[in-house]
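Only one chain comes next, encoded as structure tokens, the form predicted alone.
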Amino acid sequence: MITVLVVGIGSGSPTQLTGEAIAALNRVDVFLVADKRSDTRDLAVMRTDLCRAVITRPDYRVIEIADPARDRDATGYREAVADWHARRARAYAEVIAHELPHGGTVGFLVWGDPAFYDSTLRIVEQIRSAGMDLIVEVLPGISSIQLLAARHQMILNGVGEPIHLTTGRRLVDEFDPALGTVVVMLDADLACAALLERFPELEIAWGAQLGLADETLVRGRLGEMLDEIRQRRAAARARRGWVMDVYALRSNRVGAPLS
């Protein structure tokens, strides 16, 4: 029997792991890690350091698996992602069968929390649907959404108001002040800039590399802060080769402002 542990690791700092997550990591025989590209080797090092910091058993292994390229020229975004996930699932299933022919425990380390814009659980389900007998456990992690609110010392929802969670890809088409606070993830192009003409009153609370030593924060009127955010984002990418950021938007047309 194969047990799969999907563990949220927050920003990758050992201090952000829950006690439950640490206990789970110490049960893992083999960690499977997607090897994406050379300019994100820093992320692989962070995962390795995390394991060394909290795992006491000496016999666990970390196996990096070349991540299949996603077809970014495909006409359908959902179809391209589904194909990418299917190829990932096949690659992981082959490694699991080879490395643990008599059973054992496989671990997946998930940045932030597995519930928010992460594909690991979908891929694990595809492996199971293809015929591999799996017991799956999910350990939550501290998400970038939680860290953003904590660092800016804010409550995301206004009194009796909603929170809307979306991506940069969808933001411009679906934004409405009535949504309350809008939290945006996976926005490489800062799509919020396209909202300024219609919503000049928008306020933003932004953060990048949250939980790491080079964490950076900006908060204020979007029109006044946008250039600074772009500069800080570019600086973070130049330092590490990658940047993880998240932001919250709010219109003071509805409810209280962010700042």
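Model, not experiment: these values are computed from the prediction. We number the residues from 1 along the sequence you see.
Keep in mind that the form predicted together with a further copy of the same chain is not shown, yet the notes after this line are about it.
Given that the partner is absent here, does residue 115 sit within 4.5 Å of a further copy of the same chain in the predicted bound form, heavy atoms only?
Yes - in the predicted bound form, heavy atoms of residue 115 and a further copy of the same chain come within 4.5 Å of each other.
a further copy of the same chain contact in the predicted bound form: residue 96, any heavy atom under 4.5 Å:
No, residue 96 sits far enough from a further copy of the same chain in the predicted bound form that none of its heavy atoms falls within 4.5 Å.
How about residue 161 - does it come within 4.5 Å of a further copy of the same chain in the predicted bound form, if we only consider non-hydrogen atoms?
Taking the distances in the predicted bound form, the answer for residue 161 is yes, it comes within 4.5 Å of a further copy of the same chain.
Is there any non-hydrogen atom of residue 140 lying within 4.5 Å of a further copy of the same chain in the predicted bound form?
Yes.
Can you pick out, from 100, 80, 165, 172, the residue that has a heavy atom within 4.5 Å of a further copy of the same chain in the predicted bound form?
The residue in contact is 165.
Can you work out whether a further copy of the same chain is within 4.5 angstroms of a heavy atom in all three of 18, 121 and 146 in the predicted bound form?
Result yes, every residue of the spot touches a further copy of the same chain.
At a 4.5 angstroms cut-off on non-hydrogen atoms, which residues of 173-190 are near a further copy of the same chain in the predicted bound form? List them in order.
Heavy-atom contacts within 4.5 Å come from 174, 178, 179.
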